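Take a look at this single chain in structure tokens; it is the form predicted on its own.
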């Protein structure tokens, strides 16, 4: 299949698309023995021999993008030293080596992305990219306006103040109060610690969205491949 040279380099995990363009323009990439500096150059990902800084570059396997609705009682790692169930145990029939993007703690359910695309993983997890993550939290009672204001303007957890966030009360019933929370960081157990900081410990927590990407009707423990449109959206963040 013919693809642009910079995309080939990115999918081979040599560099991000932008850095790949810089490598090409700097004359550090060769195709079939010839130095290529044109960004529009296309290569056959199966036949052409591509080299970067004198080393042959290959796409070892196709890039895979999966959305999983993680259940509680499952760890977000590839391997667990205590032999607990991991998110990879839930994804059967995928031959590529994939890994989770970011983490959800053991007791939290919801949206997690699994991929072998290192460039996308960096984009979604690095703080500077400011990707919104939306959660639904169940707490005992509805927070006051003052508590909401405190939460949204940042609270101190683990000795450091959090970035600004959003908190909206969805409903209050006999079970408790349901809160929609949006944060842009990925600190350890952050939503739980922020809620505890304003006096509302979380009883149940679920991540429902990453940016505009939502779980939809995906049930706990189920997974699916992302669509081309969803992949393009995540790469644009």
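Positions refer to the first chain, counted from 1. From a predicted model like this one, the values you see are computed outputs, not experimental measurements.
The same protein also exists as the form predicted in complex with a small molecule; that form is not shown, yet it is the one meant from here on.
*Asks:* If you check in the predicted complex, is residue 105 within 4.5 Å of the small molecule, heavy atoms only?
*Replies:* Yes, residue 105 sits close enough to the small molecule in the predicted complex that at least one of its heavy atoms falls within 4.5 Å.
*Asks:* Would residue 151 count as a contact of the small molecule in the predicted complex, using a 4.5 angstroms cut-off between non-hydrogen atoms?
*Replies:* Result no; residue 151 lies far from the small molecule in the predicted complex.
*Asks:* Would you check, heavy atoms only and a 4.5 Å threshold, whether residue 205 touches the small molecule in the predicted complex?
*Replies:* Close contact exists here: in the predicted complex, residue 205 approaches the small molecule to within 4.5 Å, heavy atoms only.
*Asks:* Taking the shortest heavy atom distance, is residue 30 within 4.5 Å of the small molecule in the predicted complex?
*Replies:* Contact check for residue 30: no, nothing within 4.5 Å of the small molecule in the predicted complex.
*Asks:* Given a 4.5 Å cut-off on heavy atoms, tell me which of 160 to 168, 105 to 113, 90 to 98, 137 to 145 is the interface stretch with the small molecule in the predicted complex.
*Replies:* The contacting stretch is 105 to 113.
*Asks:* From the list 43, 179, 68, 191, which entry has a heavy atom within 4.5 Å of the small molecule in the predicted complex?
*Replies:* Comparing distances to the small molecule in the predicted complex, the residue within 4.5 Å is 191.
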